[in-house]
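Before any questions on binding or motion, here is one chain by itself as structure tokens, the form predicted alone.
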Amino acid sequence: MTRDNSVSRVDTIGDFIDPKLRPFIKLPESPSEKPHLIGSKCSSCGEYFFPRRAICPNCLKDEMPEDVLLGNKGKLYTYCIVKAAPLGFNAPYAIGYVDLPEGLRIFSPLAECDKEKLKINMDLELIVDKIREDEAGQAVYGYKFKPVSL
């Protein structure tokens, strides 16, 4: 099941983002903006990273790579459907690797879990949506990618 990322939820959704993911997500500040992942870019060699790095593992320069907003669109590299979920997650759900325009390949939950609708190399966009439920049954939000056509 896929839900739309309602921008009207942005003003309250920040309180429900998984604390471990909060440093990596920039929520939109207005309805016309989209969420972004926060990565880093080495000022010496130009390599991008997600999550952020304290030092560039590519050129090993001492300078801390600068924080950058990564593109919120990508292409599906591969995926799988998870049918046995850990505690707090509802199965089935899909996870996959998404190629970003910066040359990064990141691991992410996917908003669509119907394998008939998921296609390798399809266009995806970043959303902030429910990922799981905590011990109290409260929704915990994080980033996902959804097919652009949905």
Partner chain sequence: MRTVYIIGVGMTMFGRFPESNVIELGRTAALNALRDACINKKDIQVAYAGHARTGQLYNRECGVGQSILWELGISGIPISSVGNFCSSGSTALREAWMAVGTGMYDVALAIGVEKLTGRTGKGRPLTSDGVELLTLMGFSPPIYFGNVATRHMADYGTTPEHLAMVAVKNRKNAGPNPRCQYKDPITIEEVLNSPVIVEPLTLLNCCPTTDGSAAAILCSKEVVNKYTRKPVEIAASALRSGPYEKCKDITTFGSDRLAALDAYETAGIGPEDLDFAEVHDCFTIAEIIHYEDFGFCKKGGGGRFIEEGISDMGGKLPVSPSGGLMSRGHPIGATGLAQVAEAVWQLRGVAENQVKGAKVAFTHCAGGFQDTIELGDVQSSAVTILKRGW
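Positions refer to the first chain, counted from 1. What you see is a predicted model; the values in this text were computed from it and never measured.
In what follows, reference is made to the form predicted in complex with its partner chain, a form of this protein that is not presented.
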4.5 Å heavy atom contact, residue 105 to its partner chain in the model of the complex:
yes
Hey, in the model of the complex, is residue 84 touching its partner chain, heavy atoms inside 4.5 Å?
yes
I'd like to check something about residue 47: if you look in the model of the complex, is any of its heavy atoms closer than or equal to 4.5 Å to a heavy atom of its partner chain?
yes
Is there any non-hydrogen atom of residue 27 lying within 4.5 Å of its partner chain in the model of the complex?
no
Would you confirm whether the three residues 18, 95 and 143 all fall within 4.5 Å of its partner chain in the model of the complex, going by non-hydrogen atoms?
yes
Out of 69, 120, 59, 64, which one falls within 4.5 Å of its partner chain in the model of the complex, going by heavy atoms?
120
